[in-house]
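Only one chain is included here, represented as structure tokens and corresponding to the form predicted on its own.
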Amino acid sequence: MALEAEVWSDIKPIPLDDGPDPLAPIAYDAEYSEAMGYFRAISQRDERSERALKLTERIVEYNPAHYTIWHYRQQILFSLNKNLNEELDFVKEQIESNPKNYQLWHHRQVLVEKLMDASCELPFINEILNDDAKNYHAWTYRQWIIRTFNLWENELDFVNKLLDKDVRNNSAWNQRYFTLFFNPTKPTEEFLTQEIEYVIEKIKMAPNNISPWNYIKGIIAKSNKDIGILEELCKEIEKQDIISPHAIGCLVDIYESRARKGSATDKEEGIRICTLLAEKHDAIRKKYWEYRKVILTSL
């Protein structure tokens, strides 16, 4: 991948300056070092040309996480009025090879924001999530697309399909909360009641998955419901001899809520369960449950 000498004959590359006594110099590939030398030279003079564009392409093939190169490439694309849809195709190929590269996703976001056209984005993100349904970068980008272009309409259906496929997809639970509460159209109390019923059924499928527990508590906090509505679920799981620290911990939340209203019986029960969690069922978070026990004792 050596650079064409005749194309760069007028440029003197600037070598990397690590100082007089570098502690741990990186052994860069010779061709990459050469390309970076030319990049330092052209960026110093702010050259925005076809050869500069090709140079950035070569460098990101070596190092697709090089943010400075992507930023400079954007400036060239805009200055030369290049076809940004073609650039989206280029970035699509790059992301398919490096799906968890933040710089690539950000570059795509810059392009889409410039075009103000997201018509291809959700299908593209779906492809990436189909390979890895928990790709943080894809989800972050998806949320930006939805909020920027007001594409809320079908998102809940999309999340439903993911959770039907894998109830333990914690990214999908996060997206579900985003879809309900970051949408300008807020959910009604009737909808939230139905949503709680939906989540309870999902929790029964995987009572040791923390995400739906956190999700349902978030739903209750956003509604006019009392957390006590989860007591039946928690005790049903207990009767099935399933040890779920999340279900047991939810009982602590319920009893503390009642203790704050003056119930001495619930206060004592909450303290007992904190001890049980700290010493037996959730010892890895022993200090947390001891802290919750202190709070209950002080009520």
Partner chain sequence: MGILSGSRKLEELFTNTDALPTESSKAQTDTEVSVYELFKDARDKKLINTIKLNRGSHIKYVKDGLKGLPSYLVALDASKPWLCFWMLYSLDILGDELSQDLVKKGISTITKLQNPTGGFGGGPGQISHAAATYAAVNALATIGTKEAYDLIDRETLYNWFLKLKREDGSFVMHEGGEVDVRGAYCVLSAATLTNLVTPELTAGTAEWIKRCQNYDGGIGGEPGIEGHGGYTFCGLAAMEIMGKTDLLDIPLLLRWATSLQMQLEGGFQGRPNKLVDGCYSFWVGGLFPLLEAIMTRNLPEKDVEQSNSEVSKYIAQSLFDREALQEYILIACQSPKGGLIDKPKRGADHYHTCYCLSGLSTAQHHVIYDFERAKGKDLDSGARSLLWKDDVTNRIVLGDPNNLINSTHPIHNVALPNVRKMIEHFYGERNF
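Residue numbers count along the first chain shown, from 1. Note that the structure is predicted; figures quoted are calculated from it, not measured.
Only in words, not in the display: the form predicted in complex with the partner chain, which the text now covers.
Trainee: Just checking whether residue 253 would be counted as a contact of the partner chain in the predicted complex - the rule being heavy atoms within 4.5 angstroms.
Mentor: The answer is yes: residue 253 has a heavy atom within 4.5 Å of the partner chain.
Trainee: Taking heavy atoms and a 4.5 Å cut-off, does residue 106 contact the partner chain in the predicted complex?
Mentor: Taking the distances in the predicted complex, the answer for residue 106 is yes, it comes within 4.5 Å of the partner chain.
Trainee: So in the predicted complex, does any heavy atom of residue 263 sit within 4.5 Å of the partner chain?
Mentor: It does not: once the partner chain is placed as it appears in the predicted complex, residue 263 has no heavy atom within 4.5 Å of it.
Trainee: Does residue 136 reach the partner chain in the predicted complex if we count a contact as any heavy atom within 4.5 Å?
Mentor: Yes - in the predicted complex, heavy atoms of residue 136 and the partner chain come within 4.5 Å of each other.
Trainee: Which listed residue (177, 90, 158, 198) meets the criterion of a heavy atom within 4.5 Å of the partner chain in the predicted complex?
Mentor: In short, 177.
Trainee: Name the stretch, out of 49-57, 66-74, 264-272, 228-236, where some heavy atom lies within 4.5 Å of the partner chain in the predicted complex.
Mentor: Contact criterion met by 66-74 only.
Trainee: Listed by sequence position, which residues of 168-198 have a non-hydrogen atom within 4.5 angstroms of the partner chain in the predicted complex?
Mentor: Sequence-ordered list: 168, 169, 170, 171, 173, 174, 177, 178, 182.
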